[in-house]
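The chain that follows stands alone, in the form predicted on its own, written as structure tokens.
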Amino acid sequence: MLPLARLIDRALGPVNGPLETGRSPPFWLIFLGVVAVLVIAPSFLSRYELLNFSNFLTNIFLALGLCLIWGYAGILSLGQSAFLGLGGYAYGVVGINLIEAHGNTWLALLAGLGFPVLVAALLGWIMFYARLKGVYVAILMLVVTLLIETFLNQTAGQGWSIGLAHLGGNNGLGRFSGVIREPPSLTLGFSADAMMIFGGKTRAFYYLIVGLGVVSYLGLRALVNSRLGHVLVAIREDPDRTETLGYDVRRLQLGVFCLSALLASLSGILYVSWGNFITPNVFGVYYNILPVIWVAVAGRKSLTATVLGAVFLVWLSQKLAIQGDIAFVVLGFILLGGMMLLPEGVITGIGERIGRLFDRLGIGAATRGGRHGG
């Protein structure tokens, strides 16, 4: 009879590959336990707590996208929240204009996902085919994001509208605008009897985020452990040498950059569905640096660490927010301390130490996946 670790490898395939932290039976038991807790959590949380927790979870897609391009492909972007904002605004504008005519948000959802990907394709084509790399990509993305924020802050007048949707300037799109017309919650279905409304205050919305989060996490695990994932790591380590081996480095960078934009746009759509508004603040420096802190502190080369770090640090940010700007200062010190003590990431470092302990105890031979160079 095959050992349990080998059976798990066969059953999960690339999902349980070596380029991601956590491969042992104990890890997957913990994973199933966490999913089970998430499923039953609404039964124990108050409505306010469920609302807040749903908001925390909307950020994991943004964090996963940054982890993918930075941790695996070596592309640091300081403007990932641009795609979150573009997705949220596109979804809100189309939803406001079409919800009464169609009764659902399918077209708004497609617009919210598609528009940021088109923008990412254009920016990526400019950056990667001009062979920009390193700090130049990071700075260009931050500049583009700040330009969008500056523009949207100037759209307060009644003339700044797209159909029925008023952009609202720094008040944003939604209930804080001069003309009150909120972006709709996600409403999916093809007939009046088949509608599912995922309002931000409902259990349905919470379960939608949990389901999408699990699918995205497992899908990205399979991706990074596939042949493409190994090529992305090679590009991160030495793009010139990878190109001499016959791989189209620029096309691969462009593709993974667009995928990260898709994930960020999903966070934006869910955020708008959660609160029924969005403001230009999401394009600001603060909201673009935060994901970098989440991923860097947790461990940029691990999807698992990124998810845990993002949820915890968003929760911590909210707790500190009542103290004003001290939240960003504290997070900055956390980043500095984490990078100095555990440069590969706090959660990643702790996970590797637990993995070595399991190995000594003989619990699962495949605990330590995720030590993949650089």
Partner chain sequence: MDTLTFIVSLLYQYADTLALLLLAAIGLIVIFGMMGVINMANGEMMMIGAYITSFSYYAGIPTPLAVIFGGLGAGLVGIVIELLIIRRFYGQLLASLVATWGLSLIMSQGAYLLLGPLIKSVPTPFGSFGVGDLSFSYYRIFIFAMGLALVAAVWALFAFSRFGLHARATMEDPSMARALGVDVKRIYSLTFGLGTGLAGVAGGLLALTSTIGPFYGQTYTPQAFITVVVGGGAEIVSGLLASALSLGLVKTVVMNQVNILLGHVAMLVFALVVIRMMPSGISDWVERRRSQGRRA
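Positions refer to the first chain, counted from 1. Because the structure is predicted, anything quoted here is derived from the model rather than measured.
What comes next is about the form predicted in complex with the partner chain, which does not appear here.
Proximity to the partner chain in the predicted complex, defined as a heavy atom within 4.5 Å, singles out one entry of L167, I96, A138, L223, which is A138. Only one of the listed residues (L118, L218, L212, L146) places a non-hydrogen atom within 4.5 angstroms of the partner chain in the predicted complex, and that residue is L146. Stretch-level contact analysis of 110 to 118, 286 to 294, 86 to 94, 258 to 266 against the partner chain in the predicted complex, using heavy atoms and a 4.5 Å limit, identifies 286 to 294. For the candidate spot formed by A204, V311 and I350, no residue has a non-hydrogen atom within 4.5 angstroms of the partner chain in the predicted complex. Although the partner is absent here, M195 sits far enough away that none of its heavy atoms falls within 4.5 Å of the partner chain in the predicted complex. The partner chain is not drawn, but in the predicted complex it has no heavy atom within 4.5 Å of H102. Under a 4.5 angstroms non-hydrogen atom cutoff, the partner chain in the predicted complex lacks I162 among its neighbouring residues. Although the partner is absent here, L254 is not a contact residue: none of its heavy atoms lies within 4.5 angstroms of the partner chain in the predicted complex. In the predicted complex, the residues of 104 to 136 lying within 4.5 Å of the partner chain by at least one heavy atom are, in order, W125, I126, Y129, A130, R131, L132, K133, G134, V135, Y136.
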